[in-house]
Structure formats: C-alpha cells, structure tokens
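The data below hold one chain only, encoded as structure tokens and taken in the form predicted on its own.
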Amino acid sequence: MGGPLGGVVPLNEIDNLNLDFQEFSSKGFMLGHASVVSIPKDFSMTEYIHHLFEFSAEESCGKCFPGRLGSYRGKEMFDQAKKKTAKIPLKLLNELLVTMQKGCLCALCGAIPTPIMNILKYFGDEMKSDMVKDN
C-alpha cells in the first residue's frame, strides 16, 4: 500500500486497516500516495528487498551519509544473499534500517526502512535461509 515505499501489508492485516494516514502509521505502515503494489505469493521477499535497496541506491539524492551509504550497503548485503555468497546479518540490517529511518534527509531513503521492516515482521520466516542472527 502507498506504493513501493509505503509499506508491505500482508493480506491478513488488510481487513484491520482503515484507509487513513493515522491508522496506517499507528500499525507500522505508511499510506504514501495510496497506490497499491501487489507482490505475488511466490515472489521472493529477499528479491523484493534487494529491489527496494537497489532503487534507493540509484535514486538517492546523495546528500546524507545514511541515505547514500545505507542504500548501497543494503543493496550489497542482498546482492550477496542472492548470489548465495553470504547470509544477511539480521542485527546489522536492523541497525542499518534504524539509522536510515532516523538519519536520512530525504523522504526516499528515510522511507525505505518501513516496507523492509514490515517484510521482516510479517514474512521473516520465508527469509530464514538467507539470514543469520548475529550478536
């Protein structure tokens, strides 16, 4: 909902949401521009997160370190996961997302963490083989 940066709302949560900014925000989503992007059930969430980081890395204004470096670092983590050369360190990913959410100057890179956090919360089980819990 809200376009690619608005958040990833699982089907079982749709009926629990009213279509307004406050409701979406209180449930951890963003309404954004209120468009709907559908992700097929068989589409890899690792692939989707890679797409989000790749998009923000290419489109970042580059003015702040969290946006410029965070987007590229996130993309690199998911490049390695896609190539099966390394697993994604969950703690590092979460720290990166919080840093981007709090420190980015532009709305693009500051919004990227929302759909990724939604995916980790609601679809994390299907990504277990690509993740490693680090200390």
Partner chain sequence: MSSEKRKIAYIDGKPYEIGTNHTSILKFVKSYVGEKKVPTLCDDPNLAPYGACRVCSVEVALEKDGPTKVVASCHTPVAENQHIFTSNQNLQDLRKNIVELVLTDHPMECNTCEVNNNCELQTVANDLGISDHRYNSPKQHKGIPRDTSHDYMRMNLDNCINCGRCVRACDEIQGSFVLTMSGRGFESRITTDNDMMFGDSSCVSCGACAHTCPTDAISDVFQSKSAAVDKKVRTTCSYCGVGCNLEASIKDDKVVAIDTPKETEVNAGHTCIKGRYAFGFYDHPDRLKTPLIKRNGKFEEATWDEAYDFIKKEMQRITKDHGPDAFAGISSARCTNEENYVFQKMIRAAVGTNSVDCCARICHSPTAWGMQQTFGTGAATNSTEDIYHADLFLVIGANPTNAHPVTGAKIKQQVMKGKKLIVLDPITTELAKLADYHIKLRPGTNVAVLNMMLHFIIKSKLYNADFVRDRTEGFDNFLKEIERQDIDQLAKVAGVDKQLVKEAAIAYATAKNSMEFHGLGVTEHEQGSKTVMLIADLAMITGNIGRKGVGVNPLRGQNNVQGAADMGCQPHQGAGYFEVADKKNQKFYTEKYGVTHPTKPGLKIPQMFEAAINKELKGVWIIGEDIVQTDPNSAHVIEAMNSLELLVVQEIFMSETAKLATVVLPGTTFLEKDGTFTNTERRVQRVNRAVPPLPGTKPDGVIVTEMMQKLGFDQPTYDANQVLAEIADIVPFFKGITRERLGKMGLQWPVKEDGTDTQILHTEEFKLGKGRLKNFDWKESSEIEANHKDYPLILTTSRVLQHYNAATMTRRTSNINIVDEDVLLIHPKDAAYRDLNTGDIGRLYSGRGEVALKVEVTDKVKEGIVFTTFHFPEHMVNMVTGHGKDEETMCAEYKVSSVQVQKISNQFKTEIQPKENQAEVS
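Numbering follows the first chain given and starts at 1. Computed from a prediction, not measured in an experiment: that's the story for all the values here.
There is also a form predicted together with its partner chain; it is not shown, and the following applies to it.
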*asked:* Exactly one residue in Lys84, Lys63, Lys27, His33 has a non-hydrogen atom within 4.5 Å of its partner chain in the predicted complex; which is it?
replied: Lys63
*Give a yes or no on whether each residue among His51, Asp125 and Met131 has a heavy atom within 4.5 Å of its partner chain in the predicted complex.*
no
_With a cut-off of 4.5 Å between heavy atoms, is Ala107 one of the residues that contacts its partner chain in the predicted complex?_
no
*Is Glu76 close to its partner chain in the predicted complex, meaning a heavy atom pair under 4.5 Å apart or at it?*
yes
*Is the gap between Val37 and its partner chain in the predicted complex 4.5 Å or less for some heavy atom pair?*
no
_Within 4.5 Å, heavy atoms only: does Glu58 come near its partner chain in the predicted complex?_
yes
*Using a 4.5 Å cut-off on heavy atoms, what residues in 65-92 are near its partner chain in the predicted complex?*
Phe65, Pro66, Arg68, Leu69, Gly70, Tyr72, Arg73, Glu76, Met77, Gln80, Ala86, Lys91, Leu92
